[in-house]
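So this first bit is one chain, no partners, the form predicted alone, shown in structure tokens.
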């Protein structure tokens, strides 16, 4: 998050009354005894609670329950697999659905706004990286540089503006969307893809856009159905009581 060190995080968990009590209860440690080891274990435990396999989609697609999803969601699944081409990156396999390809793509978010600055940013970043600059600090402490995406790690121009595909599980409960939180609703997300990577207020897409991002030509009914399907990816347990970090 652009922090120069872990100290601000440790200061928070050591002094906040709720965190301090929770860490004492779980790890039996207080004050300076709490280290990033305990913090990372707590975060990992929280993240393991986020994925579920009992969504309406799972019961419909893998459990063969024809009543598990609404008719709109079933139509949306057809769009997801077909004209929408969502499954190209949000993978559904024969026996499981991680709903991500674990790859990196430039989908027209963020970089669209700074296209004219990309050549300069890329040159300056590579120069700073070669001089030994910390990649995290260099990228995450500068709003424009942060839009370079995977390029910051690989140095490959094909990775400019590319970010990792997230899973879509529980997506209806995890707004806002995209790496920068710039899209507020699932309707906004589907509309963005339907326009082929255009962002509101931006007249053109960036030159590094991934090849699969192009207009989908979905009508309004198809967009609504696709949103209904995305909502069917949420576990009932998660929807009823979304987990909160320890």
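Remember, it's a predicted structure, so these values are computed and weren't measured experimentally. Positions refer to the first chain, counted from 1.
This protein has a second form, the form predicted together with heme C, left out of what is shown; the following refers to that one.
Q: Counting only non-hydrogen atoms and a 4.5 angstroms cut-off, does residue 141 reach heme C in the predicted complex?
A: Contact with heme C, no.
Q: Mark residue 189 yes when one of its heavy atoms lies within 4.5 Å of a heavy atom of heme C in the predicted complex, and no otherwise.
A: Yes, residue 189 lies within 4.5 Å of heme C in the predicted complex.
Q: With heavy atoms only and a cut-off of 4.5 Å, decide whether residue 165 touches heme C in the predicted complex.
A: Taking the distances in the predicted complex, the answer for residue 165 is yes, it comes within 4.5 Å of heme C.
Q: So in the predicted complex, does any heavy atom of residue 212 sit within 4.5 Å of heme C?
A: It does: once heme C is placed as it appears in the predicted complex, residue 212 has a heavy atom within 4.5 Å of it.
Q: Could you check which residue among 114, 171, 72, 145 gets a heavy atom within 4.5 Å of heme C in the predicted complex?
A: Contact residue from the list: 171.
Q: Looking at 96, 154, 88, 134, which has any heavy atom no more than 4.5 Å from heme C in the predicted complex?
A: The residue in contact is 88.
Q: The chain here is shown without heme C. Which stretch in 26-34, 63-71, 40-48, 174-182 comes within 4.5 angstroms of it in the predicted complex, by heavy atom distance?
A: Result of the contact check: 174-182.
Q: Quick one: in the predicted complex, does every one of 52, 77 and 232 get a heavy atom within 4.5 Å of heme C?
A: No, because 52, 77 and 232 lack any heavy atom that approaches heme C to within 4.5 Å in the predicted complex.
Q: Check each residue of 100-117 against heme C in the predicted complex and list those with a heavy atom within 4.5 Å, in sequence order.
A: The stretch 100-117, when checked against heme C in the predicted complex, contributes 105, 107, 109 at the 4.5 Å heavy-atom cut-off.
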